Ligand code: AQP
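Given as structure tokens, the chain that follows is alone and in the form predicted alone.
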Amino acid sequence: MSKKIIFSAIQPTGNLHIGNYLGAVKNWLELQKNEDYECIFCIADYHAMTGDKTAQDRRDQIILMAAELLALGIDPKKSTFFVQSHVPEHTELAWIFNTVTPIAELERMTQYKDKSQKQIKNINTGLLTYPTLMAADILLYHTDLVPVGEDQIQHVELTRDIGRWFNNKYAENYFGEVKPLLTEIPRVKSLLEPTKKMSKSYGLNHVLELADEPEVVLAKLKKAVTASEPGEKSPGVENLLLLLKNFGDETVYNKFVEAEKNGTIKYGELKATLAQIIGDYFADFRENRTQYLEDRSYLATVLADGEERASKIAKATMKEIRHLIGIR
């Protein structure tokens, strides 16, 4: 039986934080161990261009993302690992998809609405057509499964629709039905505003970066909000317990949960314990990250090999598509 193809991508936006790890990368590491899957992982640098970074920032962040993903355990021998812009067929197919996708479908996308509100001075066309490039990323490799959480299903559904629209216009059944591979993603919140998602856009003190040294982790956790409205559970404490559940020992986690229930919890102890656990958990990562960043030639070799493997598939797909749509 042939392996199921899995595709997933992440934007290069600086240091990875714990929300990124629990929300995506931890799952990637498990998926690449599964012999039933052929994993394709991509650094989505073209998607990142909808923001306001400079060219040099973008170069640095691509290198940083490659180093961090490898340091976490992405294995280029087990998975195809490459940079999106290194395979130009992504953008070629995205343009073709633009011509079959109704603009009304793009305008209703939640991500377009959210990002337009966040960067009101830079509402560029890329924010609107982002989903057609994402569909190209996925369908270029005839992907079977896309690992997502519940909040990302809309993009997979639109990808499936775009594949159908292409099929209806040019070739019935060319693209298969892409399915979401639903994963339980912990909803990690900001340390300082625990009603909001953990995001660097709010500031570095809102996030725990994987590269943070233990003393930095502790300093940030000391500032983490634990207060709550009278008679209500503290979202800040729930967030810290969520992190403890994902990184700590079950016995330690249960101890603090029980203390929180009976009102004997000591927040200083919780924060110090969590800081120690997180610092230890990512100790190897920090060491590996430093080594990869110092060895740029190795990073270049890995990404070139990944580009070659991805390009082989992408070129074959685009050769067929060009014939189907009547060009070349």
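Sequential numbering from 1, following the sequence displayed. Owing to the predicted nature of the structure, the values given are computational and were not obtained by experimental measurement. Whichever C-alpha set is largest while still superposing within 1.5 Å between the two forms counts as the rigid core.
Below: the form predicted in complex with adenosine-5'-tetraphosphate (AQP), not depicted.
- Looking at adenosine-5'-tetraphosphate (AQP) in the predicted bound form, residues T132, T143 and K319 place no heavy atom within 4.5 Å of it.
- A heavy atom within 4.5 Å of adenosine-5'-tetraphosphate (AQP) in the predicted bound form is found for one listed residue only; from R164, H86, K197, K179, this is K197.
- Interface residue among D75, E92, E213, D151 relative to adenosine-5'-tetraphosphate (AQP) in the predicted bound form, by the heavy atom within 4.5 Å criterion: D151.
- Under a 4.5 angstroms non-hydrogen atom cutoff, adenosine-5'-tetraphosphate (AQP) in the predicted bound form lacks S311 among its neighbouring residues.
- Of the heavy atoms in G23, some are within 4.5 Å of adenosine-5'-tetraphosphate (AQP) in the predicted bound form.
- Taking non-hydrogen atoms only, V188 approaches adenosine-5'-tetraphosphate (AQP) to within 4.5 angstroms in the predicted bound form.
- Using a 4.5 angstroms threshold between heavy atoms, S234 stays clear of adenosine-5'-tetraphosphate (AQP) in the predicted bound form.
- Residues within 4.5 angstroms of adenosine-5'-tetraphosphate (AQP) in the predicted bound form, judged by any non-hydrogen atom, belong to 143-151 and to none of the other stretches in 143-151, 101-109, 250-258, 218-226.
- Contacts between 4-22 and adenosine-5'-tetraphosphate (AQP), taken as any heavy atom within 4.5 Å in the predicted bound form, involve A9, I10, Q11, T13, H17, G19, N20.
- For E215, the Cα coordinates differ by under 2 angstroms between the shown form and the other one after the core has been superposed.
- Relative to the superposed core, P76 undergoes a Cα shift smaller than 2 Å between the shown form and the other one.
- Between P186 and A259, the Cα distance is greater in the predicted bound form than in this structure, by no less than 3 angstroms.
- In the predicted bound form, the Cα positions of E250 and P186 lie at least 3 Å farther from each other than in the form displayed.
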